[in-house]
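The chain that follows stands alone, in the form predicted alone, written as structure tokens.
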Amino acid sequence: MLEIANIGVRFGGLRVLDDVSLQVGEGEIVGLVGPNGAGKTTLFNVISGTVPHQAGTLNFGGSRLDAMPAYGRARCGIGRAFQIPQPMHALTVAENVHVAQRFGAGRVDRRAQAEILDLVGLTDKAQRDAATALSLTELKALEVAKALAISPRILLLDEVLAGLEAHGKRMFTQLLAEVHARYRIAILIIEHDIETISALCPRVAVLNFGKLIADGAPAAVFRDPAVVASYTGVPADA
């Protein structure tokens, strides 16, 4: 469904992504991991259309994305949640979901909005101010709700578990499993917690210095000498 082929990105003289190729199939859950600065968020920005790429191609559901604007990609079914929650200020929780659906999907379905708020556990906060009345866990749930409001075929989740304590991570991991079970959408998730990513994702891809260095089952990937070296700094042949 999502086909990333030989993507290259430069910021001035800095090569941020170097010949990255990755595929995500219908309904698949894939973890994207790697050290800080590996290029993970940049890859998400390329997919969602906020950062241009200088090499390679992007295809989604049979459509070329390379020249498509960000709103067009959303309407093709690419939903995204950010590491730092970005509620729309001066709007309620319900209005945040409504606006995300209105402009992201180009239509309004209030029944779907209510279903999403119930799924993420925000029904009782629906009329609260989104920017001031929610806990961090609830703000992150709202990020997922806004992404779901566009009826996506794939969710890009950028460290949605970051900053949560252990109990919050377990609850949020369960929420993502429920989202996947209900909607059968694909999920590509960036996460640093190896235990969490191994439990949630049957498949993990690893970026390091802008290059894809591993792709496979978590148990095998996290034993790969190149992956271990990328996190520890110890060369694989040391």
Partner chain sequence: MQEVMRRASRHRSVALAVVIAAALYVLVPFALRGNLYLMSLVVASLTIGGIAVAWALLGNLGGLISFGHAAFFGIGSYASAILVMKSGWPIFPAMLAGGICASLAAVLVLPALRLKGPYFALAVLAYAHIFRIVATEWKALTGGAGGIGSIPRFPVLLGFDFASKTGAYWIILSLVLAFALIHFYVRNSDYGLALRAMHDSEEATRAVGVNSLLLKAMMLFLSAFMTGMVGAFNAHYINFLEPDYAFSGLWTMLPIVAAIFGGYRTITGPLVGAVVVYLLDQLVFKAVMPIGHQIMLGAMLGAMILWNAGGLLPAIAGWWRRHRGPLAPHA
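Residue numbers count along the first chain shown, from 1. It should be emphasised that the depicted structure is a prediction, and the values quoted were computed from it without experimental measurement.
Absent from the display: the form predicted in complex with the partner chain. The rest refers to it.
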Any chance Lys146 has a heavy atom within 4.5 Å of the partner chain in the predicted bound form? yes
Indicate whether Pro52 is a 4.5 Å heavy atom neighbour of the partner chain in the predicted bound form. no
Quick check on Gly62: any heavy atom within 4.5 Å of the partner chain in the predicted bound form? no
If you check in the predicted bound form, is Leu134 within 4.5 Å of the partner chain, heavy atoms only? no
Interface stretch in the predicted bound form with the partner chain - options 26 to 34, 64 to 72, 180 to 188, 199 to 207, non-hydrogen atom within 4.5 Å: 64 to 72
Please pick, from Ala126, Ala114, Ala162, Val108, the one residue with any non-hydrogen atom lying within 4.5 angstroms of the partner chain in the predicted bound form. Val108
Could you list the residues in 115 to 137 that come within 4.5 Å of the partner chain in the predicted bound form, counting only heavy atoms and keeping sequence order? none
